[in-house]
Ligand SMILES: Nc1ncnc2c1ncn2[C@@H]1O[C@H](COP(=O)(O)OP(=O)(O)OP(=O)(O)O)[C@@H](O)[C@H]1O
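The chain that follows stands alone, in the form predicted alone, written as structure tokens.
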């Protein structure tokens, strides 16, 4: 489980260190940095698949992503990291080496940041004795089984050691960390408009994990029926829509969602459902997954939901938190309150983090000094 998330010089997150628990509820007014925190987690996940540099380039490159507020000196690097019970990881992005000038090879990729430092370590705090892999520029050293170091040269500045050097023989710990991060799951504003993929019939295959666009909703619901917690699915639907049942219909291999509601002579198809009803079913499929991830991050799941659905959604989130760590980013106080209220019944600890902005910088509300922050050390260049 992740215990600490650290971000430095990313958008409004100049120096933010956040403690995490089993279930984390991130709140704050519009513009306080909730979306930036969500994006920072996604960038960390992208590092495991070699996509962090490309993701930053799509944001306009490092100049657009860097902290631009008041400071003694202009920010020149952006750092992301996390630490948990088993592993910690940190990455330092910096400006690329200029390719202009006499004798230099010109490049059109000057918006791509470079990875200057990367470290993984054992345990919750970076210490020299806990280092497992240490990358400085193109050089990487990896701790061997006998306590020595295996050294590698030639890593390209836009490649992460997580994606390039996770060798089961030379770096088994790096491989385990990479697979851990790759198991993280993100859901952000799933579509429910008239043309949403979830409204159309799709070829059905076993789907233990709902896709990010929700296109495989019917298959995901049927997978829960066959190998997951059918009782929890039925209870979640009845809790939100009393007297209602959800079924999946097979039409020549193409699956369609059917909602049987009390008082109606025929079931409703996904194309007929309201945005809120469809969105709730999508969250049910995501949160009742038969294959829980190590970390599940939800960004504003309350969007387009009727207030009456926030308490059933909170119960779904609390149910999922028994098997996976969850970060819930929300601007709906009623949802945060419903989660807090139901936590005792579900026997889940809730870590509530309210973000505020002071002079353009995102901070944790109520934190009065550095002593209130979790212990964290960045690797030095």
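Numbering follows the first chain given and starts at 1. Nothing here was measured: the structure is a model prediction, and the numbers come from that model.
Beyond the structure shown, there is the form predicted together with the ligand, which is absent from this document and is the topic of what follows.
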message = I need the one stretch from 320-328, 24-32, 341-349, 47-55 whose residues put non-hydrogen atoms within 4.5 angstroms of the ligand in the predicted complex.
response = 24-32
query = All three of 76, 93 and 373 touching the ligand in the predicted complex at 4.5 Å, heavy atom to heavy atom?
reply = no
key: 4.5 angstroms heavy atom contact with the ligand in the predicted complex for residue 357   = yes
inquiry  = I'd like to know whether residue 234 contacts the ligand in the predicted complex, with contact meaning heavy atoms within 4.5 angstroms.
reply    = no
request  = Look up in the predicted complex whether residue 363 has a non-hydrogen atom within 4.5 angstroms of the ligand, and give yes or no.
outcome  = no
ask   = Do residue 300 and the ligand come within 4.5 Å of each other in the predicted complex, heavy atoms counted?
value = yes
task = Determine the residues of 79-95 with a heavy atom within 4.5 Å of the ligand in the predicted complex and present them in sequence order; the list may be empty.
result = none
